[in-house]
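Taking the form predicted on its own, here's one chain by itself in structure tokens.
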Amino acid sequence: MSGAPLSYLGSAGSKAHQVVPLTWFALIVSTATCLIFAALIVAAVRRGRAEGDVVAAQAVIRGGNGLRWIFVSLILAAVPIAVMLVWTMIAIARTGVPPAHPALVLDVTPQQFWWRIRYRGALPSDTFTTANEIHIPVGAKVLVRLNSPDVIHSFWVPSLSGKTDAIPGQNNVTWLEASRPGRFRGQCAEFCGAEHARMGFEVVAQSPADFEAWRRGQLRSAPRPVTTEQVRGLAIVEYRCSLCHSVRGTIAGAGSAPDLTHLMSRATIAAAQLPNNPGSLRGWIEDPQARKPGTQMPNQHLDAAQLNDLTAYLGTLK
């Protein structure tokens, strides 16, 4: 079950390790409470029927076992509640404070309806922006700074971290740490508009060496087109796509939509809704509203030849 998308019953990082046992405890106590109450209700109904179909009205009087049942049930309920209260305070104390010296700092900006991730380096030349896919090294504490330019969103990677809201005009922080390599699904957990349910992302935990290789690759500018189709595709990007997107190394430099410089290095497109393959990419460009109604990307009304040229160029952005 822990391997299922958005599963909160398994952990893959030190922060989630503190929360998952508490979650299991609360789930078990809640389930047991519901089963006990259901069993008592069924027993009471059967006992009433066994004494006859017609039950005369009885006045409420003191005495008997009624109050004893209430007192005992309150005491039994107070014990797990007290345990969960103390346990929750301990978990918050261990996970709520961001690391003082993080190995990596990310500026994550959720917006309708995708995720902008900015990796800050020691120098401006070491800083780059990507979208909808967060790469982190295994074993490193990563500080995540959240801010929203439009409405309230919520950053949630259940296998690694709890929910933290991104609020316009306010900087909130959280942190991640993965204990093993893998891909972990994230999701916006605060209703933010028509495509809230399709506003996902992925956290990719890699070995430090693999992460460093990925980071160096992301710093490179887009390669120059080689074939005639790729040249025409670049012209379409600079003439049409540059109104919203950016591709480093070209005149496309807008920032209201995802950076496409290394588009094909990502496993998914459309905020983790579609696999990043030629068929999905072509269909997404051809009619984004058909695949994600309400998305901010408009239909460019490209003909077949233009679509072929554009996908030929985008395929080089690795």
Partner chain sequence: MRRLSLLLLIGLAGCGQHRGHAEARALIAERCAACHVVPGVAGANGRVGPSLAGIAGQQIIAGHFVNNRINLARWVAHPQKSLPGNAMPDTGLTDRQALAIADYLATLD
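Numbering follows the first chain given and starts at 1. As the structure is a prediction and not an experimental result, all values here were calculated from the model.
Only in words, not in the display: the form predicted together with its partner chain, which the text now covers.
Checked against its partner chain in the predicted complex, the candidates Ser30, Asn277, Ser256, Ser265 yield a single residue with a heavy atom inside 4.5 Å, and that residue is Asn277. Just one of Gln300, Asn308, Thr23, Gln296 comes within 4.5 Å of its partner chain in the predicted complex, counting any heavy atom, and that one is Asn308.
Although the partner is absent here, Ala39 lies well away from its partner chain in the predicted complex, with no heavy atom inside 4.5 Å. Interface membership of Val45, defined by any non-hydrogen atom within 4.5 Å of its partner chain in the predicted complex, is ruled out.
Contact annotation: Leu67 falls outside 4.5 Å of its partner chain in the predicted complex, judged by heavy atom distances. Although the partner is absent from this view, Ala290 contacts its partner chain in the predicted complex, with a non-hydrogen atom inside 4.5 angstroms. Against its partner chain in the predicted complex, the set Gly283, Glu286 and Ala304 is in full contact: each member has a heavy atom within 4.5 Å. Residues of 92-116 are not found to place any heavy atom within 4.5 Å of its partner chain in the predicted complex.
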